[in-house]
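Two separate entries follow, structure 1 and structure 2, each one form of the same protein chain as structure tokens.
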Structure 1
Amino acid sequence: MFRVLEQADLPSRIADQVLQAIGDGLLRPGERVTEARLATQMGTSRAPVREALRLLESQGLIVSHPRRGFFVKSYNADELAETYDLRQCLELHNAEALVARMSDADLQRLEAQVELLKTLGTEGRSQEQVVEDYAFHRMLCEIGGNSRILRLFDQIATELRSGIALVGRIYDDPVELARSHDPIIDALRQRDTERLREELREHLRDASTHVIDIYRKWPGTPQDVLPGHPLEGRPKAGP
């Protein structure tokens, strides 16, 4: 009857804002995040801010150095490659359970999702397409049935999405991106585990090499330097 209304706690809301700020490029990788500044900007005390940052740290979006503070995580191409590797690991493993557990209704939902991807592609709504692309792969994990793996996928997706947000758009051709899901659907229709894994492997390889290439070519996102962070160092001490 009445839905439970969960009053989102302060730390989560703060984390959301920080997350969005990172996604919007308002907070750039490597940039320092000061507890007190955030706290005053949000009109709270430092405690919930600190907790929010620790939450984001556990999700890999923020790094902290003891007694130095928090910084927006800056990925280099190698780390990004490792994360994509992990994602491939999960999705290929999931393929087996996926085929075993997928119902016909599930298949229809997946097909509909790919259709949505195509619509968004032809209409040039790349940003939404990225979101729905992850939603598709999330559905795969969900059907697979291992909630532990699903949670991990969500975490990885958040990281990769924030990384991709920096690049701008991933694919030059959104239509092509949407169509690259067709072989996956095909394999699912045939319930052919081995072929599904092969298609997924190829699909993910394409996506990762594309993104990583952009990252390698991009001079931005410098290595994390320590100590005395180069970007936005501490204000100069007056005489």
Structure 2
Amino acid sequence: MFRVLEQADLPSRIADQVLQAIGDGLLRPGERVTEARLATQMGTSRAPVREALRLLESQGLIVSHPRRGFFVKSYNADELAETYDLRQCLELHNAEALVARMSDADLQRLEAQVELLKTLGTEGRSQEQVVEDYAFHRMLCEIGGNSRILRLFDQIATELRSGIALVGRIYDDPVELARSHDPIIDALRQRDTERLREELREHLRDASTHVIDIYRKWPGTPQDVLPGHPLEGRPKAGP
């Protein structure tokens, strides 16, 4: 799961790898993160691993419990709804700067990303499609040019992806999911800020409703669930 690291700036580099594992669903919400295992896999001592986990704890992605250790932060449906609400605020605020700053090359890059989403949807590669979907929305924030918005988006995207990773197959029709980005591209081609905001609002509202509804109904439970975890006591999903 993890690669061996060199000594320079170990804590932040360890944190980056753990962050990626959370976002990719390799470390699931509620799962215990063992310092010794990470240290062994990364070829380092436990001290920088502990420092990295404390850094992620300060960002709200890891939680620690006395005598139990570190765990990936768990999110219930209400918390995910709040996170989607914040994401919508960020993306809608970014829209004006995005239209003003977007070059023709930027637009071509966004168009190519949507075509990639369609290809992944057609091939049924749902988990990869989730990653590339967030990459598309990250591009929107990146082109907007506000580094604080981009930093907040990165944290929110990791939280959302870690929650979605529990659900399995996220959307009934991944091809339709990919096509839902077409109105956003059309608004960008027209460089119409107000239409872009409306398309983003509808797109994100639909995504929020879909994911949160699935999350509320999902019957599984992550490994090493802590007492009081919102999924504690539910039966595990079948094979």
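Since the model is a prediction, treat every value here as computed from it, not as a measurement. Residue numbering: sequential along structure 1, first residue numbered 1. Rigid core: the largest C-alpha set superposing within 1.5 Å between the two forms.
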Kindly point out the structure, among the two, that is the form predicted in complex with another copy of the chain. 1
Of Leu38, Cys141, Asn76, Val63, which marks the hinge as one rigid part swings against the other between the two structures? Asn76
Expressed in whole °, the turn of the smaller rigid part against the larger between the two structures equals 27
For Arg50, tell me the Cα shift between the two structures once the rigid core is superposed, in Å to one decimal. 2.5
On a rigid core superposition, how far has the CA of Ile14 moved between the two structures, in Å, if you could check? 4.8
